[in-house]
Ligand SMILES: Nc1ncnc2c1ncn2[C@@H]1O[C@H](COP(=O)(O)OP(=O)(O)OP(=O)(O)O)[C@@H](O)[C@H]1O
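Next comes just one chain, in C-alpha cells: the form predicted alone.
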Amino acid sequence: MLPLTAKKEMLKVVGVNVYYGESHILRDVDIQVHPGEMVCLIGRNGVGKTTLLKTIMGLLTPRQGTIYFRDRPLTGISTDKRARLGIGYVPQGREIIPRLTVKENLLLGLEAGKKKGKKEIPSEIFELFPDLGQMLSRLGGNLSGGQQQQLAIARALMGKPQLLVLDEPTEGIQPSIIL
C-alpha cells in the first residue's frame, strides 16, 4: 500500500538507453512525472533532450529500459496508440501539415482522442490561441513560425491528452504570447 503522501507516476522512465547506430545517446535515464507536475528538461544542444522525448513517444526504441504511462509499460506500443492512451506530443519544428487549413490541422488533433464522433473545435482552443480562430481557412504553411507553433500546440490539445510532451514549445512565438 502506498503512503498517503505518495502520488503514482503518470510517466516513469526507468534505465533507458538509446542509441543512434552505435552512438550511445541516452545512458540509464530515469525520470518520473506525477499528475499535475510540470517538468522541464534543460541542457545544451546535443545532450539528448529530443531523443528522450522521441523515445517516450515511441518514435525511437530503447535498447534497454522501460517507459511506463500510468503504470502501463509502453514497450511495443505504437506512437498513434500512445496518443490514444492520452499522451499529446508537439515535436520540435512543429510538423503541421502546410497544405491543410488551420481548421483541418486542428481537426486532425481529434484523431488522437479516445472519443470519436463530434468534429468540433472546443472554444478553449481559441481562448488559449485567439489568433487561430481568425485564421481557420488559412493554409498552415502560410502562417508565421510563431503561429505554426501555436497551431501545433493547439492540435495536440485537441485530443485532450493527460500528458503533454512539448519539444521546444516557445520556439518562434513572440514573447507577449508566451507570458
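These figures come from a predicted structure and were not determined experimentally. The first residue of the shown sequence is 1; numbering continues from there.
The same protein also exists as the form predicted together with this ligand; that form is not shown, yet it is the one meant from here on.
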item	value
Partner contact for residue 36 in the predicted bound form: this ligand, 4.5 angstroms, heavy atom	no
In the predicted bound form, residue 63 touching this ligand (heavy atom, 4.5 Å)	no
In the predicted bound form, residue 92 touching this ligand (heavy atom, 4.5 Å)	yes
4.5 Å heavy atom contact, residue 136 to this ligand in the predicted bound form	no
Contact assignment for this ligand in the predicted bound form, among 47, 59, 128, 31, heavy atom within 4.5 Å	47
Residue stretch of 120 to 128, 47 to 55, 63 to 71, 144 to 152 approaching this ligand in the predicted bound form, non-hydrogen atom distance within 4.5 Å	47 to 55
